[in-house]
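One chain comes next, on its own, written as C-alpha cells: the form predicted alone.
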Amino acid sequence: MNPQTPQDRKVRVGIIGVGNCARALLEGIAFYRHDPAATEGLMHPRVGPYTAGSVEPVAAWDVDAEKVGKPLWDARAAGQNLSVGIPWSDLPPVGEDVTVMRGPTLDGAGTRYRERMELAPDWPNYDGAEIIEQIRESRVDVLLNYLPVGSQHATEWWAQIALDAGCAFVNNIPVFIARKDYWRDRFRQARLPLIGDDIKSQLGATYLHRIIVQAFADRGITLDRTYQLNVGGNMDFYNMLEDARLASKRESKSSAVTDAYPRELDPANVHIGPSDHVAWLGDTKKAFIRCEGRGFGGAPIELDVTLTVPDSPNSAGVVIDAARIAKLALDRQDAAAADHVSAWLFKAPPRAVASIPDQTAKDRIGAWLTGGEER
C-alpha cells in the first residue's frame, strides 16, 4: 500500500494488456479529467476521495511488437486496436510518460491473436523478479488484468505477482481467480483486495439477461428455455473464434444468468456465449437474447431483445469503479469488501455471493462506500 497526501489522491494502476478495453479506459480517464464536472456514464462519480480522473496509469505490459516500447497513450491506438467511440482528439493524453513493457507470453496469445500480430522479442526472465521491481518502482496500487480470453496460466502468473508485489488485483477476464477459494483466501490473508472475475459490462448482455430472468421469477413466470448470442468485430471476438479458449467464458456467462434465476434450468435449454466475429461491426457488440416461458394457466410467453452497445467503453464504465473501490479498500485495510463489489460488477464472483441479487450487491457496496456497517 502506498500512502498519499490529500493533495495526491491518485489510484495508481498497472495495465496488463493494452487492448481495446484498455484504450477505452485511458480515453475515458482523459474525458473525465477534461471535464471534471461530467457525471454521465459513471455509476459512482466519486468513490471516497477518488473521481474518475483520479485513476493514474503508471505501468503497462503487453506482448505485441507494435505496442511494446511505445508510450502508453500511443500504444492504445496501435496494433489491432480500433476506435471505441470516445471523442478524444482534443483530450489531454493519459499515460504518455509510461512506456509499455514486455510481459511474459505464457498462454496470453492464442492462435487467432498470432494471425494478426507479431510478438515482441521475448522476455526471458520468467521468475517475475523484474516485473515485481517495475511494479514497486512505479508504486502501483492496483493491477488491472486485460489479457485475452483463455489466458488462465498467464492470469494466475499475474495474480501471484500482485501478491508478491503487495498490490490489489482486478481480474477483468473470464478465467477464474476470485471465484477460487485458493486465490481468494491468499489475497484475504495478505489483506489485499481481489476483485473479479469477468467484467459484467455496464449495460451489457449479461446484466440485461439477468434482469429479464429475475423478472420472470418475480412475476411468477416459468422460464423454460433461453439463449444469448453475441457478435462483434474487435480482437476480443476474433480471439474467441479459437474454441479451445472459450470454456471458462461460456461457464462465466452462463452461470451469471442462471444464478439470477432461483429455479433449476435444464442445461440443454440454456445457450449463452460468444457466437461470431463480424469485422465490419468494429468495436460495436450486438447481443440477441431470447426467453421462452409459461405464464398464468401455462399460457406461453416469448421475449426477444436485441442490444447494441460500444463494447470497450461498456467495460471501462465498470473498471473505473473496480479500480477505485480496490484502492479505497486498500486505504481502509478492508479486503473483505471485494466480495460484494465482485457480485455487483462481475459475472463470476466468489461462489459465496454469486446468487445474491444485483440490487442487494449494489446496496451493500453503497453502504460500504458511505461508511456503513453493512457487508
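No experiment lies behind these values; they were computed from the predicted model shown. In case it trips you up, residue 1 is the first one in the sequence shown, and so on.
Keep in mind the form predicted together with a small molecule is missing from the figure; the text below concerns it.
- With the partner omitted from this view, the residue of Arg184, Arg112, Lys249, Arg210 that lies near the small molecule in the predicted complex is Lys249 [heavy atom within 4.5 Å].
- Interface residue among Pro274, Gly233, Gly293, Pro104 relative to the small molecule in the predicted complex, by the heavy atom within 4.5 Å criterion: Pro104.
- In the predicted complex, no residue of the candidate spot (Glu27, Thr51 and Asp141) has a heavy atom lying within 4.5 Å of the small molecule.
- Of the candidate stretches 184-192, 112-120, 132-140, 298-306, only 112-120 has residues with heavy atoms within 4.5 Å of the small molecule in the predicted complex.
- Contact between Phe169 and the small molecule in the predicted complex is not found at the 4.5 Å heavy atom cutoff.
- Not displayed here, the small molecule is kept clear of Val341 by more than 4.5 Å at the level of heavy atoms in the predicted complex.
- Contact annotation: Val63 falls within 4.5 Å of the small molecule in the predicted complex, judged by heavy atom distances.
- Interface residue remark: Ala162 is not counted as part of the site for the small molecule in the predicted complex, having no heavy atom within 4.5 Å.
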